[in-house]
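In the block that follows, a single chain appears as structure tokens, in the form predicted on its own.
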Amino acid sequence: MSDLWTTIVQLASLVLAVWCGISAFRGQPMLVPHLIGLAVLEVLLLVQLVLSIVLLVQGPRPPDTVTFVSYLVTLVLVPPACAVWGLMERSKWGPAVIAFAGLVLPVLMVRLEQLWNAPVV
């Protein structure tokens, strides 16, 4: 996996988390710019999905491929799920849900890296 791309996705996710966390702290409901930020993050994650699939098909696979793929699917599904949840929550907690997703996604990315680079036993 590409360490540079992983870092880019993690930083984008953390920036979104901080921005939405500040919005939640200020008591603002979720607005269209929050959704646009989440959509940009989703595009980055879809690129990660495609890169990972290409690497899985072309080269060596991680020792636990099933777990790797499940983390990959979860990674792509978290932002849309949080967008729906945030839209249903019309209070200040809408951006808080997106901030939570922004904090969870870097952890999932770290776990993907750990699975990809795990030693073969």
Partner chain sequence: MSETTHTAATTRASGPGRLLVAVYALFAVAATGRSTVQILTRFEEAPLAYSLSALAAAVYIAATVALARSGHTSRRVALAACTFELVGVVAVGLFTLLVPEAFPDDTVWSLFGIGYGFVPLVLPVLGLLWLGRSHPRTPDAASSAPPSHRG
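In this text, all values refer to a predicted model and were calculated from it rather than measured experimentally. Numbering follows the first chain given and starts at 1.
One more form of this protein should be noted, the form predicted together with its partner chain, which is absent from this view; the next part is about it.
Non-hydrogen atom contact Leu35 with its partner chain in the predicted bound form at 4.5 angstroms: Because no heavy atom of Leu35 falls inside 4.5 Å of its partner chain in the predicted bound form, the answer is no.
4.5 angstroms heavy atom contact with its partner chain in the predicted bound form for Leu49: Because no heavy atom of Leu49 falls inside 4.5 Å of its partner chain in the predicted bound form, the answer is no.
Exercise: Glu89 in contact with its partner chain in the predicted bound form, heavy atom 4.5 Å: Answer yes; at least one heavy atom of Glu89 falls within 4.5 Å of its partner chain in the predicted bound form.
Any non-hydrogen atom of Val97 within 4.5 angstroms of its partner chain in the predicted bound form: Judged by the heavy-atom cut-off of 4.5 Å, Val97 is in contact with its partner chain in the predicted bound form.
Contacting member of Ala39, Val66, Ile53, Leu31, with respect to its partner chain in the predicted bound form [4.5 Å, heavy atom]: None of the others qualify; the residue that does is Val66.
All of Thr74, Trp85 and Trp93 with a heavy atom within 4.5 Å of its partner chain in the predicted bound form: The answer is yes: all three residues contact the partner (heavy atom, 4.5 Å cut-off).
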